[in-house]
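Below, in structure tokens: the form predicted on its own, a single chain.
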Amino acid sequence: MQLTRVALSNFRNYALLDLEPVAGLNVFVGQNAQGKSNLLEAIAMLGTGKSFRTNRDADLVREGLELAVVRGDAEIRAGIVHLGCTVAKSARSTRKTYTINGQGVRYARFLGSIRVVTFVPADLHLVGGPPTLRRALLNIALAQEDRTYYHELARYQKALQQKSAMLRGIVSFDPDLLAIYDHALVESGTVVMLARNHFVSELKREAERTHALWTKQAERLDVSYAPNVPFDAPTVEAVAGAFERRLRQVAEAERVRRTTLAGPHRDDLALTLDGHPLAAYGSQGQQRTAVLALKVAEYAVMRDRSNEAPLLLLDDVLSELDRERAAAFLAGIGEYAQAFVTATHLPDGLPGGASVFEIANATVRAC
């Protein structure tokens, strides 16, 4: 996969930009607040349809204006695809619309038209941060490659919201309606848990292999799926049965606590180093090395599953790593088709043939 063109109009601090990235490594160098992160944010939106920096779509529109547009052309296995994302802001609301090859599409159709793996400074908290960060890693990767996963996750979240509203007393309690919500949770939750279990088994293999290479097997990283609802076997029958039993077990507690207590919305990734919880016992350097290994693994799994390398976006993270770890990460990426790196200065250990661009005041210039 290769992004051959990205065009921005009134996106963040960009009035206009028309850029033709090259295959391999594209490095964007510039001082802070010049537009480096904004550019990678726009590229990521061509894959995920959402910002990796904000939940407020209005923030994406250049100050004082009402419309921002992100367009991109990419060469994928199926041919050339033309993608577009428009953000329209008004005093009352903000709305995003999507196009593929000039035709308007829903978000679910747009998602994953091209696949991206992002590594941003916030990802360095994947180990010590809350489980929501680790679930987001799984959800973003799986939703890009499998529309069924996205559909079932959305269906699960809708049923979860409806059940939670009933438990909190926002709507009147109705045992028959509660049973319908629980049935929907089991159906969609089973699909979600099985997909996560399969993905993490592949993520585990790649992350542990990469980590062992970097540490010369001096430390052993272990990555495993930690479902909130344990199951005996990765089958529909076993997972659905376990989920149904767990919902019956916690039914009274949920009524008392007025919240949902069981399901994949409480899943986690378990990360240990030499058998000890990494968040509690790992040094800052050890935790960062584990995060690097996870991101290399995410890239590798997405590439191997689709038989097509995703775009790799590294937003100003190398500056937060020491020279050895930054070099190890760059070397560990392997044979990527196209990657985008932002930095305040040229990082050490860049592979030969990297293309370098300078960004200043939202202007991009090839060096």
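Just count from 1 along the sequence shown to find any residue number. Note that the coordinates shown come from a computational prediction; the quantities given were computed from them, not determined experimentally.
One more form of this protein should be noted, the form predicted together with adenosine-5'-triphosphate (ATP), which is absent from this view; the next part is about it.
### Query
Quick one: which of 56 to 64, 43 to 51, 322 to 330, 303 to 311 gets within 4.5 Å of adenosine-5'-triphosphate (ATP) in the model of the complex, going by heavy atoms?
Partner-contacting stretch among the options: 56 to 64.
### Task
May I ask you to state whether N13 is within 4.5 Å of adenosine-5'-triphosphate (ATP) in the model of the complex, using heavy atom distances?
Flag for N13 set to yes.
### Message
T344 versus adenosine-5'-triphosphate (ATP), in the model of the complex: is there a non-hydrogen atom within 4.5 Å?
### Response
Heavy-atom contact with adenosine-5'-triphosphate (ATP) at 4.5 Å: present for T344.
### Task
Decide whether N38 counts as a contact residue for adenosine-5'-triphosphate (ATP) in the model of the complex under a heavy atom distance cut-off of 4.5 Å.
Yes, N38 lies within 4.5 Å of adenosine-5'-triphosphate (ATP) in the model of the complex.
#### Entry: Contact of Q338 with adenosine-5'-triphosphate (ATP) in the model of the complex (heavy atom, 4.5 Å)
Outside the cut-off, so no.
### Query
Of 17 to 36, which residues get within 4.5 Å of adenosine-5'-triphosphate (ATP) in the model of the complex if you count heavy atoms?
Read in sequence order, the residues that approach adenosine-5'-triphosphate (ATP) (within 4.5 Å, in the model of the complex) are Q31, N32, A33, Q34, G35, K36.
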